[in-house]
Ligand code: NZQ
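As a starting point, one isolated chain is supplied in structure tokens, in the form predicted alone.
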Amino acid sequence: MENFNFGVGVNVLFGKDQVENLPSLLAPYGKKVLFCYGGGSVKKMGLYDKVKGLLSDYEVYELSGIAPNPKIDSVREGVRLCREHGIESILPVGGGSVIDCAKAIAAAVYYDGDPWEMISLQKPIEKALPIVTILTLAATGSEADNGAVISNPETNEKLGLGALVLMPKASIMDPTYTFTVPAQQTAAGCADIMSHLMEQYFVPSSSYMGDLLVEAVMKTIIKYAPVAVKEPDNYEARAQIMWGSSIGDNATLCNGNMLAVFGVHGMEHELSAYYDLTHGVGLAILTSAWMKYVLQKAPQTVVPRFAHFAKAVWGLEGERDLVLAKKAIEETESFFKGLNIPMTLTEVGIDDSKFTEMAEHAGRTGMLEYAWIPLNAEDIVSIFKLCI
């Protein structure tokens, strides 16, 4: 096993009606709160009114309209509100996009310059406003990690930021708040979770325990994703997926593994930046194409690992490793198709006109040369072409 430091400082309150604890969770940080949310779903489910009622003794300001693939303009507006009103804590209520936006705001409040400069130049983040989250969509794991990703439509870039001080102080995770998530978003969220798990699994070396832990959560998502899509108010399915999302993205599972950049995420950020594609959909489209490509590019490394994946996760057996590796790709693609996720770029209206431009940018910013199977711009273009 590799050396590691492990300190997940977020206080998770999981289960029904945990929102009742919201006032006490925010109390240590003062009375001025920035309430962040996206579209109308928070109001439709009654959560908006619930939060406002619980915080009747607080001075609450609002930042609404935060979009999927959160935009830098929302970050700028959030920073303006925080400075104007002396905000003391931030309350994002929503999915990963809302939480990511809140993290960028929390850091940028203390940055003397434009927030995009802080993100694009990877300026050190040493101070941030405290964050308490209420999760309404299981996907990114942002409620229990210290990273975020922000898009800038002006530059066609989607870049990450991260720091220990961005870890939420507390996260309320009530699976009933995900009952109203549409089937398409539920499926995309599960694809995102699977991709995070693959990040920790397809690595230069892994530990016995790490493999078993990641495999267990993969199998959980594979079991419950179709249930949640068909039965949106199935509490057990929603709960299993929600917890899998959180522990699948905060190093709980992979301590001791030798981690590496996961090329699929770096490539997908280009699709989201240029076309505002739903992140999970882009990941699903790219994953099987990436698997096919790296199997051909580096068979000595890839075949044994994919074969192990076939046996441990998909329950396949009795074949040569190469056959098992190919079947693992088929099973992965079939899983995403079974959730009715589009599996080609053509289906989502993306052609090949920007492939070279996106690939070159991914090569410069995505550190894909440090991936498990290193990728250059030419490799990335080839993978994009497999997705048409």
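So that there is no doubt, residue numbering starts at 1 and follows the sequence shown. Since the model is a prediction, treat every value here as computed from it, not as a measurement.
Another form, the form predicted together with the ligand, is not on view; read the next lines as being about it.
- Placed here by superposing the C-alphas around the site, the ligand (as posed in the model of the complex) stays clear of every backbone and C-beta atom by more than 2.4 Å: open pocket.
- Relative to the ligand in the model of the complex, residues 198, 226 and 326 are all farther than 4.5 Å at every heavy atom.
- Only one of 207-215, 306-314, 175-183, 162-170 places residue heavy atoms within 4.5 angstroms of the ligand in the model of the complex, namely 175-183.
- The listed set 246, 133, 136, 74 contains one residue whose heavy atoms approach the ligand in the model of the complex to within 4.5 Å, identified as 136.
- Of the listed positions (263, 282, 78, 95), a single one reaches within 4.5 angstroms of the ligand by any non-hydrogen atom in the model of the complex, namely 95.
- The ligand is not shown here, but in the model of the complex it comes within 4.5 Å of a heavy atom of residue 148.
- Contact annotation: residue 342 falls outside 4.5 Å of the ligand in the model of the complex, judged by heavy atom distances.
- In the model of the complex, the ligand lies farther than 4.5 Å from every heavy atom of residue 270.
- At the 4.5 Å threshold, heavy atoms of residue 332 stay clear of the ligand in the model of the complex, well away from it.
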